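Below, in structure tokens: the form predicted alone, a single chain.
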Amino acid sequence: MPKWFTPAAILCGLMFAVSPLLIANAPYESTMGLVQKIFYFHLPSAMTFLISGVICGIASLRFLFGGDPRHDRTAWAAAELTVLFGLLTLITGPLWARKAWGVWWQWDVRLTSSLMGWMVSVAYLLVRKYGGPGSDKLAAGLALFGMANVPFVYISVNYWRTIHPATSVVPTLPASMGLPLWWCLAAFLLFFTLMLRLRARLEEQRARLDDLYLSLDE
């Protein structure tokens, strides 16, 4: 592992340890009260979910046109993390929505497109596991579709009627709410970076082990 990994992992742990203190000291939202604080985990997980989908798509594109297995390993790792952070998003969102809006789920544009993006990532992993020869390129095509869906998820609230607020709301948050939010987002992104590097490294070691087995058979 690179030298920066251990200090970054320690920093990530400290950031997550401090996060609950910042969230607890943040003021209550005037209409939703305590339940609004799910926001400090929901939005960072959602942003990481979308960023992970983009990284998976870019790595898949580079693999399709360059054939470098390193990009394929990065795409595979990013797809797994997209499923993870997408699941966190799809769990924390309804928990917040049930209390704030009175519904667990609505088939509005952002919710539906987010679910679709998550299902594409699940499909990617299923294809990689059960698709047989050529599954790497087929999965890469799925990743490109998932990446194309990301900007649609992000801007959908600006153009269609939805229960979600527009994207312009977050930059206008007061500092008392903005600081915990950006702190949590930074912690999530650092955690994502560490997990992506660790997972890609694991695939690299697995590929080397497979090569050793093949050389022994020969």
Partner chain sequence: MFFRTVWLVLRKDLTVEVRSREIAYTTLFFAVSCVLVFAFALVKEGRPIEDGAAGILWIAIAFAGTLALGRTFERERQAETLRALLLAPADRPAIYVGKLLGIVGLLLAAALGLVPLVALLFQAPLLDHPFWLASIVTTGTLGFSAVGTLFAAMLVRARTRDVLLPVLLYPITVPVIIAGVRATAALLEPELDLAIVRFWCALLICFDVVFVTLALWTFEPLMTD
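Positions refer to the first chain, counted from 1. Only a predicted model underlies this, so the values are computations on that prediction, with no experimental measurement involved.
One more form of this protein exists, namely the form predicted in complex with its partner chain; it is left out here, but the text below deals with it.
At a distance threshold of 4.5 angstroms between non-hydrogen atoms, Leu61 is in contact with its partner chain in the model of the complex. Within 4.5 Å of some heavy atom of its partner chain in the model of the complex lies at least one heavy atom of Gly132.
Proximity of Gly141 to its partner chain in the model of the complex: non-hydrogen atoms within 4.5 Å are present. Proximity of Val103 to its partner chain in the model of the complex falls outside the 4.5 Å heavy atom cutoff. Picking from 179-187, 163-171, 61-69, 34-42 the stretch near its partner chain in the model of the complex, with a 4.5 Å limit on heavy atoms, gives 61-69. For a residue to qualify, one of its non-hydrogen atoms must sit within 4.5 Å of its partner chain in the model of the complex; all three of Met116, Met119 and Val127 qualify.
Shown without its partner, the chain has Leu144, Phe145, Ala148, Phe152, Trp160 in segment 143-166 as residues with a non-hydrogen atom within 4.5 angstroms of its partner chain in the model of the complex.
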